[in-house]
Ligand SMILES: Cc1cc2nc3c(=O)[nH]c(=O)nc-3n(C[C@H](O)[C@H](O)[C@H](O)COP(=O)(O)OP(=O)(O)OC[C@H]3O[C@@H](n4cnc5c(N)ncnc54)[C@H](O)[C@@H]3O)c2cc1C
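This document opens with one chain alone, in structure tokens, the form predicted on its own.
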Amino acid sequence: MSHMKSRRVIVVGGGIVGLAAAYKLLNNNPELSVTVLEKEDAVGQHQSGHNSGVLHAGLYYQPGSSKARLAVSGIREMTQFCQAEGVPHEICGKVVVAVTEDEVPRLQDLLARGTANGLRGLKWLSGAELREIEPHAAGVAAVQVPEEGIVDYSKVCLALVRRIRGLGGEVLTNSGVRRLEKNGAAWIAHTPRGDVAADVLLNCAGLQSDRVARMAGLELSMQIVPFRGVYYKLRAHRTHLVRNLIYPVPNPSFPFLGVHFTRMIGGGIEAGPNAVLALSREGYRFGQFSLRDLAQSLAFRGLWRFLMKYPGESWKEVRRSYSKEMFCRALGRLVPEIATADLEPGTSGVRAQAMYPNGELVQDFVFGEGPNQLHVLNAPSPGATASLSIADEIVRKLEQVMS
């Protein structure tokens, strides 16, 4: 990367992907000047700090996709990083459960997919073997994924900041980019704390990534459509119903995973999430509303095509978000003893889901490129798990766009 020596790079977005990229850039290239611009007053305040805290091993992803490759290498690198930095994490394993016989062939496909992706130690379980691991789970069969785990991603973000600063990089908070300007070959980012100049622009703005790309003059057909996911928590006296992670076999007629159970690294069990259109890209509280965000979603024809493609499931997700009983019934497929009274309100997150104008969800990682600019336009789950591996890919791509 010799032609990047003594270059100045600005990274827009202090989430886990932006921080991992800044760290890898500096680690590979000590002469670089790297500045991370984060609009909030702390890093990791959006998707990085509002997710299920799972270390994903890559069972679900299409063999050969970047997602599959980066999840498998990413979880191993993330685990080593957490060990080195003393970040709370635990490789506890998970089970993916076929509740009915008609789900068994899809579970067999997942096992084949995970094997093709290079996961270690996958094991097919009978219903009886499943109940040895998760005594309260219902299912005729399951696949055990021993490499999966749980982690505190907010603490991963703080550890990355320490490493960036230790290598001479800067992380500036309260520094949202209001405008990007090209001045000759240089970029000028206008922020509330003053202007920052750089030779290279790296956009890792997550929920705002499409807007930052357009600010930089990139033509995009796809758009970020925010989906809000709500979790419930199991009340303390019912947490014994779930030991670790219990996941469903994905529904082939809907592109979101479906509700599942996750043990949290700080204690307790989360159950969820659902997936409904968010009224605000950063609306974590029920009813939080942004006229600009909602208008932009509703004006995007891709959203309407998506809803026409999945009308039944989309409507069910909306009803479930208003009905605790319906939510409980969905959870009860996996753990039948769950009752409505066992659930109390948990956290919520907003997923930055990139969507094409035809209504198809963008499933894989997607980058947009231009002279001296690189944009991470879609980094869905397992984006947090794979962030250090994605960062290696970003460093390689940045070399290519440097003019």
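Because the structure is a prediction, the values reported are computed rather than measured. Sequential numbering from 1, following the sequence displayed.
Only in words, not in the display: the form predicted together with the named molecule, which the text now covers.
J.: Please check if Q47 has a heavy atom lying within 4.5 Å of any heavy atom of the named molecule in the predicted complex.
T.: Yes, Q47 is a contact residue.
J.: Do G118 and the named molecule come within 4.5 Å of each other in the predicted complex, heavy atoms counted?
T.: Taking the distances in the predicted complex, the answer for G118 is no, it never comes within 4.5 Å of the named molecule.
J.: Whether E40 contacts the named molecule in the predicted complex should be assessed with a 4.5 Å heavy atom distance threshold; does it?
T.: Contact with the named molecule, yes.
J.: Can you tell me whether Q223 touches the named molecule? I mean in the predicted complex, with a 4.5 angstroms heavy atom cut-off.
T.: Flag for Q223 set to no.
J.: Which is the contacting stretch out of 122-130, 174-182, 137-145, 296-304, given heavy atoms within 4.5 Å of the named molecule in the predicted complex?
T.: One stretch meets the cut-off, namely 174-182.
J.: Across 320-359, which residues bring a heavy atom to within 4.5 Å of the named molecule in the predicted complex?
T.: If the 4.5 Å heavy-atom criterion is applied to the named molecule in the predicted complex, 320-359 yields G349, V350, R351.
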